[in-house]
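This document starts with one chain, in the form predicted on its own, laid out as structure tokens.
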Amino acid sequence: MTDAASRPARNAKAPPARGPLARAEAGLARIMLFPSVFIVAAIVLFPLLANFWISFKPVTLGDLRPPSVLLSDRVRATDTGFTTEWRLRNTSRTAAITNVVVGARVDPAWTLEELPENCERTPERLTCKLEELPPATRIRIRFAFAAPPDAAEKADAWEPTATGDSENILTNASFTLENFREAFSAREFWTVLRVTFVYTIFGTLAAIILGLFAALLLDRDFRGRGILRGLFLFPYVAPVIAVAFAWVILLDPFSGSVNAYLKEAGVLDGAVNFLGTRSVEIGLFGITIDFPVALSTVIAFEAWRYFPLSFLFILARMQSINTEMFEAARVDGASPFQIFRYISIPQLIGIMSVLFLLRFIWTFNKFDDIFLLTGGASGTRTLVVDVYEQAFAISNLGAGAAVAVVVFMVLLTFSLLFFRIMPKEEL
């Protein structure tokens, strides 16, 4: 039994070895693909690694440029010659500059009346040395020369130079977790995280559901269907700044058409600032809840603007479904709802899952919509807006990078869980 069972394995043919030409072609293919792979990897990985690096650094906007000595020279003529004053300033507010050397060429005929401390004079050069220039410090060094009357004009044309040693905080080997401690200990961080998830989940689901309804509506054959399909794409293809500005005008509490129409219809007693009101109390079944007005408005804008993408994907999938299944279901007496539930939905679940993954990631990273509509105010501040606020509004690049790392880790965790939970045949 053992020999018989093992005989097919011994008799199985090994895969044919590749010849010299096949190996040469494979090597050439790798060489040709390497530049593309390298460029793509650099574009993707370099910003990611740089963000991780900065997140462990106490970096501000002022630290993007390493500390340097800013030097200016003031020359004034006197009766006996001229005076010059070197003004030195450390451009950094946090880091010192060491081994500062300031120098300029001088005419040997000029006589220096008094040599300042830490300075030396050779026949053709004047040099001053400082062991350290503290952060945000200004130092003045004054010289008086006895020289001919035209010496001041020559001195005004000289070009003193200043050098020094400084440590660039972006490239040194010191790291800290202070940025992450500040991010997680901030009073509003968890509120911002909750708002981000609410905005992302409801915005994603609303866009997919609207796209599903639009696809069901336009899957039928009727006159003007092509024109209507093109109109449905308008929110997605229009410039975001144009549509956001249009929404701001329509929702204006004083001159907006929406408020005017709702008041005329008797729905509202007074104007509502849809983009500037954090929440209003609403009684529902005897329970009073705080309804987030601005956040709901931004979610509605998100659903309206991005449902055409879901509409296109779902419509393309619906048109690829075999119509014989629908005809057989109708012959068996299935209602339209039963056809939709038991035939359409199982066929669409794969594309809708992919749409949910993509829209979740894109909405979680969305910045321009919220910033143009509310600027992150009135309870609409998300993590991505917080990255901007930390990095540029208060000039704390390290804290902004730390929040960006949190965004990356949340999306990475969500993607891994999504691929683990979803059946592979549905993706």
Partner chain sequence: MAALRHSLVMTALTGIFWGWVVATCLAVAMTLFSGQILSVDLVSAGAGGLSAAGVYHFWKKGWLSFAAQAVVAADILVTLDGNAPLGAPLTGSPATSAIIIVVFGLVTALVVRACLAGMPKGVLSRSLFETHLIRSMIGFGYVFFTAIVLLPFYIMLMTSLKSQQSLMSNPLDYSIDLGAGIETLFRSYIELFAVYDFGTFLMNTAFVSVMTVAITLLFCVPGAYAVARLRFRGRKALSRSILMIYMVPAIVLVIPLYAVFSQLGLRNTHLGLLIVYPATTVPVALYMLQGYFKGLPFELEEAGLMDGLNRWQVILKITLPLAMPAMATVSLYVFMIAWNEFLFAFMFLDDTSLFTLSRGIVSLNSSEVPRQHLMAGAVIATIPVLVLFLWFERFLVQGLAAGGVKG
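In this text, rigid core is short for the largest set of C-alphas that superpose within 1.5 Å between two forms. Positions refer to the first chain, counted from 1. All values reported here derive from a predicted model rather than from experimental measurement.
Omitted from view is the form predicted in complex with its partner chain, to which the following refers.
Ok, Val237, Leu177, Val331, Ile287: which has a heavy atom sitting within 4.5 Å of its partner chain in the predicted complex? Here the answer is residue option Val237.
Find out whether any non-hydrogen atom of Tyr306 is located within 4.5 angstroms of its partner chain in the predicted complex, and reply yes or no. Judged by the heavy-atom cut-off of 4.5 Å, Tyr306 is in contact with its partner chain in the predicted complex.
Do Leu250 and its partner chain share at least one heavy atom pair within 4.5 Å in the predicted complex? Result yes; Leu250 sits at the interface with its partner chain in the predicted complex.
Quick one: is Gly276 in contact with its partner chain in the predicted complex, heavy atoms, 4.5 Å cut-off? Because no heavy atom of Gly276 falls inside 4.5 Å of its partner chain in the predicted complex, the answer is no.
Touches its partner chain in the predicted complex: Phe189 (any heavy atom, 4.5 Å): Answer no; every heavy atom of Phe189 is more than 4.5 Å from its partner chain in the predicted complex.
Does its partner chain, in the predicted complex, lie within 4.5 angstroms of each residue among Leu45, Asn365 and Phe371, using heavy atoms as the measure? Heavy-atom distance to its partner chain in the predicted complex: all three under 4.5 Å.
I need the one stretch from 81 to 89, 133 to 141, 260 to 268, 115 to 123 whose residues put non-hydrogen atoms within 4.5 angstroms of its partner chain in the predicted complex. Going by heavy atoms within 4.5 Å, the stretch is 260 to 268.
Hey, which residues along 228 to 242 are within 4.5 angstroms of its partner chain in the predicted complex, non-hydrogen atoms only? The stretch 228 to 242, when checked against its partner chain in the predicted complex, contributes Leu228, Arg229, Gly230, Leu231, Phe232, Leu233, Phe234, Pro235, Tyr236, Val237, Ala238, Pro239, Val240, Ile241, Ala242 at the 4.5 Å heavy-atom cut-off.
If you line up the core, does Ala26 shift 2 angstroms or more at its C-alpha between this form and the one not shown? Comparing forms between this form and the one not shown, the Ala26 CA shifts at least 2 Å.
For Gly375, is the CA shift between this form and the one not shown at least 2 Å following rigid-core superposition? For Gly375, whose C-alpha is compared between this form and the one not shown after core superposition, the shift is less than 2 Å.
Examine Leu49 after superposing the rigid core and state whether its CA is displaced by 2 Å or more between this form and the one not shown. False for Leu49: its C-alpha shift is below 2 Å.
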